[in-house]
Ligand SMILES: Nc1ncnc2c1ncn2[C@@H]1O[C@H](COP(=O)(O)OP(=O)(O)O)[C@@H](O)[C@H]1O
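Take a look at this one chain, the form predicted alone, written out in structure tokens.
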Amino acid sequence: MINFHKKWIKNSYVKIKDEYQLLDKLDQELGDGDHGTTIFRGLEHAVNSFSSIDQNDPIHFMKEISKTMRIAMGGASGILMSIFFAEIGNLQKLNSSILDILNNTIIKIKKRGNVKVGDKSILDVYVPIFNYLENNNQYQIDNIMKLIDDSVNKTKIMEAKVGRAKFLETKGVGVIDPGALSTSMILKEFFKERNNEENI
């Protein structure tokens, strides 16, 4: 199971490395302008920490990865973006399913980010996926990919009610939320790798 986690994280790192400048550009319109650089730094530290973490226990491994990311990223984004990583350690351990993982992630994001669906945040990607999986025991990977893309695109028409963007005159309408986009990249890599594992 650790190999799955490592492949997913490394693939996410490569994807963000290719796209972090786009994420920064989006964030320049909504926030500090460094979201891409920040998430790239967090994933880079995570990948570089693989060899120093005990790899016998997925829960411990992913908690350490989450902690590494949170410290490297700093701020609210570090706290919120690392939640899913910590929860993923429970996958197939203690009989947790991806629904359990997503549900716990959503609960913690709502609490720690003081955010709800429709506020233009990473929650607007997690919740639609959870709802879809809750109503579909079996799913096609293409459906998940499309749902993720659609969920991200919907943030473009939302008014920002959290973060710096909520202070903008237009409240960020017309711009995709960079956190939602980076989250979509990470989730896509997760589901792709999960699909690969299931088809071996």
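Keep in mind that what you see is a predicted model, and the values were worked out from it rather than measured. Each residue number is its position in the shown sequence, starting from 1.
Here the subject shifts to the form predicted together with the named molecule, a form of this protein not shown in this document.
Of the residues given (Glu44, Asp34, Glu29, Asp149), Asp34 alone sits with a heavy atom within 4.5 Å of the named molecule in the predicted complex. Between the named molecule and the residues Val162, Ile53, Val173, Met145, the one pair within 4.5 Å by heavy atoms in the predicted complex involves Val162. Residues with any non-hydrogen atom within 4.5 angstroms of the named molecule in the predicted complex fall in just one of 126-134, 82-90, 113-121, 97-105: 113-121. In the predicted complex, the named molecule lies farther than 4.5 Å from every heavy atom of Ile186. With a 4.5 Å cutoff on heavy atoms, Ser66 does not count as touching the named molecule in the predicted complex; it lies far away. In the predicted complex, the named molecule lies farther than 4.5 Å from every heavy atom of Ile9. The named molecule in the predicted complex comes within 4.5 Å of no heavy atom belonging to Ile16. Annotation for 177-196: interface residues with the named molecule in the predicted complex are Asp177, Pro178, Gly179, Ala180 [heavy atom within 4.5 Å].
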